[in-house]
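One chain is shown next in structure tokens, namely the form predicted alone.
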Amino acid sequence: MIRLVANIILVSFFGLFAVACQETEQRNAHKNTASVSGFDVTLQSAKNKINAQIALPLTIPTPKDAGGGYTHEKHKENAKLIYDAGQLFKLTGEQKFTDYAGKLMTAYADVYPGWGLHPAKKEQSPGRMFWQNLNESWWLLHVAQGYGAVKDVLSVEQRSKIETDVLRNMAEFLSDGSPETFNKVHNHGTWATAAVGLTGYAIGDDDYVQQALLGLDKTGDAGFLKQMDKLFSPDGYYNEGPYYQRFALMPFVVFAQAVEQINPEQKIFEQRDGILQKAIYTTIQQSYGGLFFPINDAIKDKGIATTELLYGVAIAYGLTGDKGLLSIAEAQDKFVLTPESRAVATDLAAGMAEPFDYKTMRLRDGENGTEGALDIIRASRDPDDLTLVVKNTSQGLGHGHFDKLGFLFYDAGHEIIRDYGAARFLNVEAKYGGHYLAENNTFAKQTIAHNALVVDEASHFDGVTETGNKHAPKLGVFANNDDLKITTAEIDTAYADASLSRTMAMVRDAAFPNPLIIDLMKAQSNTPHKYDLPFYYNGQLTETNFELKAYTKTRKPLGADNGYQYLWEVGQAKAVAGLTQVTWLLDRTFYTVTSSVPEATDIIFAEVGANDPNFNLRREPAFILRSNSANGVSLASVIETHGEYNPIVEFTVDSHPNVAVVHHFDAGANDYIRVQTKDGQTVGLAIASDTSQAANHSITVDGTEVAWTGPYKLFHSQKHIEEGK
């Protein structure tokens, strides 16, 4: 158990930061100031803001508004001012910043004890200053650090009042006063424990630190350390997905840094094979074009420049010296007021950055890595290059969506086949007070809102989170080779009498100028079902291989429940000889999905927005492959990137797909997908359900036996072979 030394000899984390800052100042005194210009801009901006505030009267409004309202935002702003004033005092030694921070905290001490629960309190875990105590934790985490930076130069009276009426008052409200949150293994619990723990370090109260680390009863069955164990997989993947991994990252790394500074014997950054460092890296890996993968309850505008990752990158760089992190800092183009961030800015300005190693990787899910995985398949290290994300993860607690074996596809900096993310306007008061909208549960979480197979218009696990949390996909092969990157997974619990499996691969072959995506979606069942496989495409439809009947004058919702009620049916068609082909244009590139489907397959064109009187949902298009079958279904698709459209010099090349036909040969345990081009080239992918590397397999393809060893085999085109690729 961690114990603080006696207060009389306590060297606080914040004091150590001050010493580190002074040493950094001395080292940088002899350097050209341009070498840390990015940090200097941040520093000067913070100075300007505080200097402007010093001349103004303090404003501490009585809590009234929910998220996004005036009082909510004003209290957030004040917390940031206290934090910045503390950091500026450490960095500059100027007394005026201490005076301002002390004055503002004292003003809060005058009023906070008299506030009851927030008048717009959220339905779960309400706060006093804010509508939910999560925001209260955010506020305390910042203010505790600001207080720790300036406390030694405050008067005894000020310190007593601030500690008693604000810091202790709020810390006790968040701990003993909110045990359902504080002891919960969840991002809300992470923020609460980190805030209380930092308060303990700031005021020298070991009891708070112990409660934060080990839970209210200090047994270790809850608390910060338990959350480190439970919320991350061995690969550093966070159970709720990248959006909430980003959000939880700041309390994890900031509090851990305090523990490392004051109690180095804990070796907190070494625990679980360096899980917190892994978490920082995997947060970056779960991004494309600077934005996080929008799986689960994700706001799609969040990316690597978010404040939480500014701290994460700076702390990770201080721990590792990894020059690849400097390129992330360069892309962030922002800094925070810490010595670590200044060091990042210094080395970045000195030209020390190296490209970050964006990888093809399987991020296992679950505490022991046994609850599925998020598979990321990249064409290269370029963060804007062609990328496939396959979501074979666990449910993700209450923020999880019902989209087992779903996927996202990116190219040229864009979402090409996209995920809806969350139905929410964060802190937009006019949109349900900034809450998750009702449509988040009734549409965004439902399976039909994703690129995942739906059986009988019912969502996976009947849309019940508690059921979903009990089950995860079973992972198959994952391989990362030059010409073939492949992932497989299956699940037999999403529906009562249908098991699902999906194989997705990125294939390089000389017959195609760009990598192909091959997708085999299978369902096995002995009873009749209706199967829907949506593709939410991003762009302008240009052509199909079938005659499309568009509903240009009237339209109706596609269904009545499970998210279908929010989809307008805008057109319909029939597959042609077991083949469907849909091409669209985005930016200056064409994309085509060519699918081998059962003969009676319908193609439904849909658009989000039915039954949406408040215009809460984005109007996004999709096409859905619909098949009715008494014995399961197999849908084999190829996603092709091709051509160029240039409206400036007025030319279009290769706007039509090169794929002519996709055939799927199914022998139960073995599958073979053959892709034929318009100029007679053939590419084949063989897949076996047996994942043994030594097992031999074969399948008959148009009367010819095709054999291979191992769980997969790529058969290249003749052109690829002749070119010696």
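Throughout, we count residues from 1 along the sequence that is shown. Keep in mind that what you see is a predicted model, and the values were worked out from it rather than measured.
The discussion below concerns the form predicted together with another copy of the chain, not included here.
Q: So another copy of the chain isn't shown here. In the predicted complex, which residue out of V111, L548, V576, A600 has a non-hydrogen atom within 4.5 Å of it?
A: Selected residue: L548.
Q: Between K184, K431, R381, K218, only one gets a heavy atom within 4.5 angstroms of another copy of the chain in the predicted complex; which residue is that?
A: Contact check passes for K431.
Q: Of the listed stretches (604 to 612, 313 to 321, 263 to 271, 176 to 184), which one has a non-hydrogen atom within 4.5 Å of another copy of the chain in the predicted complex?
A: Of the options, only 604 to 612 has residues within 4.5 Å of the partner.
Q: Can you check whether S655 is within 4.5 Å of another copy of the chain in the predicted complex, heavy atom basis?
A: Output for S655 is yes: heavy atoms within 4.5 Å of another copy of the chain.
Q: Whether V570 contacts another copy of the chain in the predicted complex should be assessed with a 4.5 Å heavy atom distance threshold; does it?
A: Answer yes; at least one heavy atom of V570 falls within 4.5 Å of another copy of the chain in the predicted complex.
Q: Is S155 close enough to touch another copy of the chain in the predicted complex, meaning at least one heavy atom pair within 4.5 Å?
A: Because no heavy atom of S155 falls inside 4.5 Å of another copy of the chain in the predicted complex, the answer is no.
Q: Does another copy of the chain get within 4.5 angstroms of any non-hydrogen atom of G116 in the predicted complex?
A: No.
Q: Mind listing which residues of 538 to 566 have a heavy atom within 4.5 Å of another copy of the chain in the predicted complex?
A: Those in contact are Q540, L541, T542, E543, L548, A550, Y551, T552, K553, T554, R555, K556, P557.
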